[in-house]
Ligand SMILES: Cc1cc2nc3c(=O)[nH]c(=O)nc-3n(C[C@H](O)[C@H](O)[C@H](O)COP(=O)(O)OP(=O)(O)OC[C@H]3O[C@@H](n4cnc5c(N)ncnc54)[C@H](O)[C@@H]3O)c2cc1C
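The data below hold one chain only, encoded as structure tokens and taken in the form predicted on its own.
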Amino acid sequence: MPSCIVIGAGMTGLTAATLLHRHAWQVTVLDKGRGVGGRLATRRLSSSRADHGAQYFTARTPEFQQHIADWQQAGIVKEWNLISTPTTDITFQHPRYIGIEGMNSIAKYMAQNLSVLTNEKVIRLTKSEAEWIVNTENGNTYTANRIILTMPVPQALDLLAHSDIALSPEHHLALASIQYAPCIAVMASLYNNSSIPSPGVLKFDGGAIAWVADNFQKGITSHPSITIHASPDFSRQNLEADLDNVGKELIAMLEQWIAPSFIETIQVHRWRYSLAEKRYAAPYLALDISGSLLIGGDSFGMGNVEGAFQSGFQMAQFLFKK
């Protein structure tokens, strides 16, 4: 039976693992976090819920459209009826989809039939003649014929360096050229509904704030909450600052729509690798001649959630042909 260890339980890793599992591969997914999803992230705060990573996704490719149709039938996703308004300043030419109970509910659904181990940070990869050996920080060892890396590229490069795996100059240059923007995300539970106009989105082209979503209007929580995504420039400047103070500063900028007295609870999350500003053109990269070590993710191919799916999908298709 062919085997594969997938490192990273976000959209890319879960997609690849799902397809391999369906084709009778032995698949283990390892993730350093406490749960699955990566930037398909939803957090509970007080009595509300807030998406604080990816806010929605599109479906323009037939493979992803089929998966979304299956998820809709299972009651996992729905369309977010976003419309262009003066406050959104966005032209929505394609349907936008979200997890009915938050974006993380999609990842949980995808992971339910897989062997996924969380709190397992991989610290070393070793290639023997017949298989890969994977060591984790917890002292555990796993083996498989194939490895798929789906973590942010800087973290993958660190892992490869600590594993004494030498990349070709071409591959190293390709990976090192991928660039990310950070994002500081603020989640606030509210006592009262915000004054953000329907459909519950504010988008700013300049300044400290890039995006604000009203999670109540979005339909993922019965108790009001908002999510703020700081702009890349503001996030870079404040990435190592006191996050509580940064969160309060950003919320204060929205007093027109959210009175200070509305704020119940605030949580702030630091995304170091939020959006790939410069991606690798192909959906994945095979790092060795045998094709046993692959890397992909949302910084490959078309990017964003659909690109992350396509990266995982294409890596699985590649392994089926090996």
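Quick note: we count residues from 1 along the sequence shown, nothing fancier. Because the structure is a prediction, the values reported are computed rather than measured.
Although it is not shown, the form predicted together with the named molecule is what the next lines describe.
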{"property": "Residue stretch of 249-257, 285-293, 265-273, 66-74 approaching the named molecule in the predicted complex, non-hydrogen atom distance within 4.5 Å", "result": "265-273"}
{"property": "Y280 within 4.5 Å of the named molecule in the predicted complex, heavy atoms", "result": "no"}
{"property": "In the predicted complex, M110 touching the named molecule (heavy atom, 4.5 Å)", "result": "no"}
{"property": "Close approach of C183 to the named molecule in the predicted complex, 4.5 Å, heavy atom", "result": "yes"}
{"property": "4.5 angstroms heavy atom contact with the named molecule in the predicted complex for T150", "result": "yes"}
{"property": "Partner contacts in the predicted complex for 153-175 (non-hydrogen atom within 4.5 angstroms of the named molecule)", "result": "Q155"}
